[in-house]
Structures are given as structure tokens and as C-alpha cells.
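Only one chain is given next, in C-alpha cells, and it is the form predicted alone.
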Amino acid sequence: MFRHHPQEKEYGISSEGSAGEGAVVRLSGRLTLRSLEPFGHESSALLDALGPSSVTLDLSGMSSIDSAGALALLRLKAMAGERGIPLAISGDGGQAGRLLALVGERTGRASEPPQLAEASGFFEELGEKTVSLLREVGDELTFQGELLKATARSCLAPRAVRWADVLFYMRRAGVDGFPIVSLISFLLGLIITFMSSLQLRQFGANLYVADLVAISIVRELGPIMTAILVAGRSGSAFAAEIGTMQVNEEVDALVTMGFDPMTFLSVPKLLAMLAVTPILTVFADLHGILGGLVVGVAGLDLTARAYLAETHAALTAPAILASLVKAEVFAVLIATVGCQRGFRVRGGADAVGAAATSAVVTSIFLIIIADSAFALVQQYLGI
């Protein structure tokens, strides 16, 4: 029989059994943080000395135990398992049993060895990406429906709309974005006119440069370039603003105070985008045509009167109307994606940055898809 009752320690260990046979180890006294290190050495020496086929750890004689003591018992059990010795704990009712259960639950996951992820095949990965994409599309469509419904409800009750915020976002998205939209469109008109003139002048068809620039700018490049620039400037700002409010729990505070976050935060942004995007598109079209006029007059020996007359003849009312309708659809996409990405933010500053990036990328992707759909419809309708 092995007995050890040191007077200087808070705990006591006694064992019954011989080597190679089942043994019962009884603990008494207090097992706390102070006795953690000596208990580890002593329990390890006890297992080496007995080398039993099984061990029963009896805790009925213990007066108290803390979390460090519970961790020491769990380590002893793990040590016995590594040596191939089954260890059972008995008499662990009351405080000891509760602490063992709590500490075991907390440390169970950390003690598990890391599992290597199984390599998935091409079709499994493709399926997962497809399901994730469909879920993203579903979430986006749901949010768009809720935002449009909230906007319609707000328009029926104009007093519920925060018109000061609508004007603020109109200024930030429209007035502040006007210089860059105008400059990009003007340069785009210059480039298209110059590049197309290199081919058309070979056939003496310099005048038709005006037709090419007017149709390409008004029908396609004006709306889509405006939408991409607005998405980069305002869509990302919407996502970052709402995302920051999510991180700071300001959105939860609005809900607590009885405000609808959709109406309070998203509706003013959508109304502002619906108001300014078509206006920016019109100015983008005009500046693109102006850029073509500059090259036509300065480099192609065309008069301003002839260029503008040819531009007027090339443009039709349905084409201009389709350009404005495109702008409105793009505005809805930009506002809804920006707000939706903002509301999805969870975490810290890195999550806000990721949401802003995702808002821009997703908006541009949806803009291209919508523009392709418009091109098919216009071709089918002959516009």
C-alpha cells in the first residue's frame, strides 16, 4: 500500500492496490492553485509506481476544490489515458462535480487535435459556390423588396421621410460627384472620337463620328460609367456608414427607441440616388458629346453646327428615355447593395472595409448584368 500525507500540503493522496491490478486513489483536503504543481508531480509518480490496469479516483474525502484543481484532475485523467490506463472519477458530487463539468466543457475543444480539412473535389466546391451565390442573390432580392416597400410606404406618408438627409445625400452623391463624372465622360468622348476617326477618315466619313459618339455615349457608356463612378463613391460610403453604425451598436439603439432602421437609414439614401443619378447621366451624356465635338472641330475639320446637327439626327427620344430608365435601375441597385452590405457587417473595422469593398464589386457586377438585359430588350424592341 502506498500512502503519502505530507503535512505541508493542503491535500492528501492515498492509494489501495498493487502493480498491474486495479487501484483506488483517494484524495482528501483542498486542491487549489497553490498545490497544482506538486500535485502534478506526485500524481505522475503515483501512476509510474503502481502501473495498474485501471484507476478509480475517489474524491469523496475532498473538502474543497477550485478551477485549477479541477484542471489538475482532468490533466491526470488525460495522462492516464496516454499511458493506456483507464481512469474513472467517483465521489465527485457537489462543488467538485460542477467544476469538473465546467472546466471539461471549456477545455474539451482546445484539447482536441486539429483536424485537417478534407480536400473537396471540383464538383463539391462548385456546388458550394453555387449555393452560396444563390443565397446571396436571394438575400439581395429580399432586401431590395423590403427597401422598395419601405420607400413606397414613406412616399405615401411624406412626413415620415427625413428630407434633410435626402438633400444631404443628394449633395454628396450628386453635386460632389459632378466634377469627376463630367471629366471622365468628357475624356471618354475625346477618346472615342479620336479612335473612331482613324478608321472613318479613310472613307471620307468624318461626319459620322458624331453619330457613333452620340449613340455609344447616350445608349451605353454614359449611364454605365456614371453608375460605376457613383457606386465607387456613394455605394461604398453607404456600406461603410451603416456598417460603422452596426459595429457601434447604433442600429440596435434605433430599434430600441422604436425607429425602423430601413426607413430611418436606407430610404433617404435610395431617394437621393433616384433623384441624382439620372441628372448625372444627362450631364455625362452632354460632356461626352462635348468631348467628341472638341476633337471633331479641332482635328477633323468639322464645324460645330454640322457636328451638332448630325448628333441631333442620330439621337431619338426612345434612346434618351432608355438611358434615363437605365440610370434609375442602376440607382436602385447601388443604393440597395450599399445599404444591405452595411446592415450585414459583424465585427470591427476590417468588417466595415470588407463591406465597402463588397458593395462596390457587387454593384458593378449587377450593373453589368442589368445593362446586358437592357441591351437585349432594346434590341428586341428595336429602340
Partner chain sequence: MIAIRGLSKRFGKKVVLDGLDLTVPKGKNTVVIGGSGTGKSVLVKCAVGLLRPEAGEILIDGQDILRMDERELVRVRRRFGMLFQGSALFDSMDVGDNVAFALRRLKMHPEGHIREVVEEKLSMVGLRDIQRLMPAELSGGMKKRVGLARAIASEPDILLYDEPTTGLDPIMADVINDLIISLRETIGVTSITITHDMASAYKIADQIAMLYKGKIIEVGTPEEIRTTSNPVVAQFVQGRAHGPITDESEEFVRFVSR
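Residue numbers count along the first chain shown, from 1. Rigid core (definition): largest C-alpha set, two forms, superposition within 1.5 Å. All of these numbers come straight from a predicted model, not from anything done at the bench.
One more form of this protein, predicted together with its partner chain, exists but is not displayed; see below.
For the residues R233, R172, R201, R75, the 4.5 Å heavy atom test against its partner chain in the predicted complex is passed only by R75.
For the residues F264, F143, Y208, F194, the 4.5 Å heavy atom test against its partner chain in the predicted complex is passed only by F264. With the partner omitted here, the stretch from 133 to 141, 213 to 221, 290 to 298, 240 to 248 that lies within 4.5 Å of its partner chain by heavy atoms in the predicted complex is 240 to 248.
Its partner chain in the predicted complex comes within 4.5 Å of no heavy atom belonging to D48.
When its partner chain is considered in the predicted complex, G84 lies well away from it, no heavy atom lying within 4.5 Å. The shortest heavy atom separation between T256 and its partner chain in the predicted complex is within 4.5 Å. Shown alone here, I89 lies farther than 4.5 Å from its partner chain in the predicted complex, counting heavy atoms only. Heavy atoms closer than or equal to 4.5 Å to its partner chain in the predicted complex belong, across 142 to 177, to one residue only: R162. For D66, a C-alpha deviation of 2 angstroms or more is recorded between this form and the one not shown after rigid-core alignment.
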